[in-house]
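This document opens with one chain alone, in structure tokens, the form predicted on its own.
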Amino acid sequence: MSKRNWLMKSEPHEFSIDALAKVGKEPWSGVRNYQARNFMRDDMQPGDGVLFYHSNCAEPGVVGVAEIAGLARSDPTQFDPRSDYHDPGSKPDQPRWLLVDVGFKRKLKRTITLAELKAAPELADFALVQRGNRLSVLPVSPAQWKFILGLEKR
């Protein structure tokens, strides 16, 4: 299967690109959307590219590049009653929620802002800029990947 690309959102006060750079690799836990879970379970493969996106902050946008660093596996936070991501309906023998490891590649020279992405006609069909799209994990086509990273130099 050929390499795919993804955009993965994180709130920087929860986990930032700088935090990923510091640890090198991190389990992407706490995803509680079935479509995003299915992307991780069915489509993500080690080596896939990731646009690391800061959301719910003063300047949302793409801030770095990472890669999928492992196959999907059970997210332990679903079983921890102290976790914000606890799911009492999920069972260890049939976990409802999964995670993948994400590895740091590089921090961008600048933030490619959501406003820039929305303003680019080349990205009109990109899920991130569609009204009402709240997914934390999105597929990125090869053309979108190339275009978005090309914006870094502007």
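The first residue of the sequence shown is number 1, and the count goes up from there. Note that this is a predicted model, so its numbers are computed, not measured.
Below: the form predicted together with the DNA, not depicted.
Distance criterion of 4.5 Å from any heavy atom to the DNA in the model of the complex singles out Lys118 from the list Arg110, Lys118, Arg41, Lys91. Interface residue among Gly49, Pro60, Gly103, Pro95 relative to the DNA in the model of the complex, by the heavy atom within 4.5 Å criterion: Pro60.
The candidate spot formed by Asn5, Ala66 and Lys146 is out of contact with the DNA in the model of the complex: none of the three has a heavy atom within 4.5 Å. Within this chain, Tyr53 lines the site of the DNA in the model of the complex, having a heavy atom no more than 4.5 Å away.
Under a 4.5 angstroms non-hydrogen atom cutoff, the DNA in the model of the complex lacks Ile17 among its neighbouring residues. Among residues of the shown chain, His13 is not one whose heavy atoms approach the DNA to within 4.5 Å in the model of the complex. Interface membership of Ser29, defined by any non-hydrogen atom within 4.5 Å of the DNA in the model of the complex, is ruled out. Residues of 22 to 37 placing a heavy atom within 4.5 Å of the DNA in the model of the complex, in sequence order: Asn33, Tyr34.
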